[in-house]
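So here's one chain in two forms, each on its own in structure tokens, numbered structure 1 and structure 2.
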Structure 1
Amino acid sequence: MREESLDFLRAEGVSAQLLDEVLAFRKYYKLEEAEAARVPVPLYPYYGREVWEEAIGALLAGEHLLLTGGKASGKNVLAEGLAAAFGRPLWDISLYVNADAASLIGTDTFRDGEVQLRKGPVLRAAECGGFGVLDEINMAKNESLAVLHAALDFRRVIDIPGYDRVQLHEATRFIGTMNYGYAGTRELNEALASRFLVIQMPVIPEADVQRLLLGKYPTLRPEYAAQFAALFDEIRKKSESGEITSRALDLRGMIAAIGMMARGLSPVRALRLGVVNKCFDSYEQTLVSDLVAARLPESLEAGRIFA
């Protein structure tokens, strides 16, 4: 999807002016051959013209992005798609409660008889003009993220104690993602939040879920793609209303379940593995099983849902 990504965005109706500027960006910032393999080829597209335009406009303006929203809203899919569209190498930087400055910037290591810096993902992205995805940024401790303040504001530098002061490559962008309400999350430090432009990711519409499933499995019959999309939407509504937790709201699990159906496993059994069993509470499992049963009979064979 490196070249195809722009064709996809044109088909989605994204502003031609923005896409021309993205193309100019790609031509101006040449990609080092050593980093070419890091330019992602997204497995799934993100559907949503307005979100695409907002995100592209922010990155073209030299800003960093913070994508917030509920589970299965496509934050990481969009981040990967942006790196592909801009033709930049991508570093996925998973943050967690014990993440520290050394894991982000780099640590000392002994090599060739001397102490050298083993560069972390933030530093590597900064030096080569990459896109760094700060995944679940509100899980890391605020004090460990303080090292990013100078990198994310107008200074665009990383000061490494005992080493050089590194200026960010002009093409470097950081994209943070975050969910609210997950165990281990915390309020994002105001000083850090002010360094991002924020996009509130909308819920994926039922029609776009259907498009996603048909794009992944072209032989899936449209009437069954509609059933799966409607099932996912029903699970989302029950999760939002507090009837169940968000464990079963797993689009990856549903896509994987359809993949098992393509290999012959019955739809109900596949959905049990990919969706229902994500709930560890028996009451929730029963509720989600009832939703599946209301749309797909136990006797339905996998062969019937594919053309």
Structure 2
Amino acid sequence: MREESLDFLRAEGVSAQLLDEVLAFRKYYKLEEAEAARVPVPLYPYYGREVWEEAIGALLAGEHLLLTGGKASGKNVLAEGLAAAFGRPLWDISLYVNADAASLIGTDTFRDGEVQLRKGPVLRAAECGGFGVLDEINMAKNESLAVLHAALDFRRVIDIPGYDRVQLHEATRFIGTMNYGYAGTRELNEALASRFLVIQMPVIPEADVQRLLLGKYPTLRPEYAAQFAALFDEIRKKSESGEITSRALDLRGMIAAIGMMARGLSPVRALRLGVVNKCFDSYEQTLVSDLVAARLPESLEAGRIFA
């Protein structure tokens, strides 16, 4: 078992009682060797003590979780971190408009001269006590998700037409993720939403952006990590006050921009690609571009920001 995934949580100040219970959970639910390979080993941690505590508390109580929030708010990073902390195999189940019950549960295939069930990811997670991440759950049609109703409530069963009913393994949990109100998303139906505990993911605070950037780019000079974090925070404030949309509030884009700087592209140009150009409205683009210019001179070279 990977103890060290809990060391980070301990250092972050996550309740010791919760962490003890997570350890007890791990000890109680043993893993088969074949499944151990599916337990994720996250490259980067999720920052946010309160969210960790709420999520761990919900999962320990046997509940399923729905993580809602803006783009790049760390929903998948957290889901992976939870599977790692609980030491459970993870199934990433990307939902899309044409996802149907068969793609989740399984399909009939012809093998060795007979019809057999080819198990889908929901069924596999259900059987071995895995954590199933129902990614972008509100992209799927509600009718396709109806097969999950009995799995996600007290019944904890999956009824497979033509086959047996499968009881969920006790350690199985489902974690839904969704962006609210984006193009292509739908309203999650109330009956489905009622089967989850919901965490609204906060925007990562400035100090944590700084830690995250230094974690990803260890040679980044701390004073520049601070500049990028402050820039991100200014964009957040402008977006929250309604001055600009949330398009430029894109931590993923900022991280990618710093990756380009590490390859020699000047910071201002890299940020244009990663952040500024995400705004399609020219007024908004100018506003964000001004925020960048106020912190980083156009002439600043990439070499200067790394040690």
Ligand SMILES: Nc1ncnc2c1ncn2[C@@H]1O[C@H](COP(=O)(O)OP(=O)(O)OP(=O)(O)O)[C@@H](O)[C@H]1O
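Between two forms, the rigid core is defined as the largest C-alpha subset superposing within 1.5 Å. Just so we're on the same page, residue numbers count up from 1 along structure 1's sequence. Since the model is a prediction, treat every value here as computed from it, not as a measurement.
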property: Panel number for the form predicted in complex with this ligand; result: 2
property: Rigid-part reorientation between structures 1 and 2, C-alpha based, degrees; result: 13
property: After superposing on the core, C-alpha shift for residue 247 between structures 1 and 2 in angstrom; result: 5.1
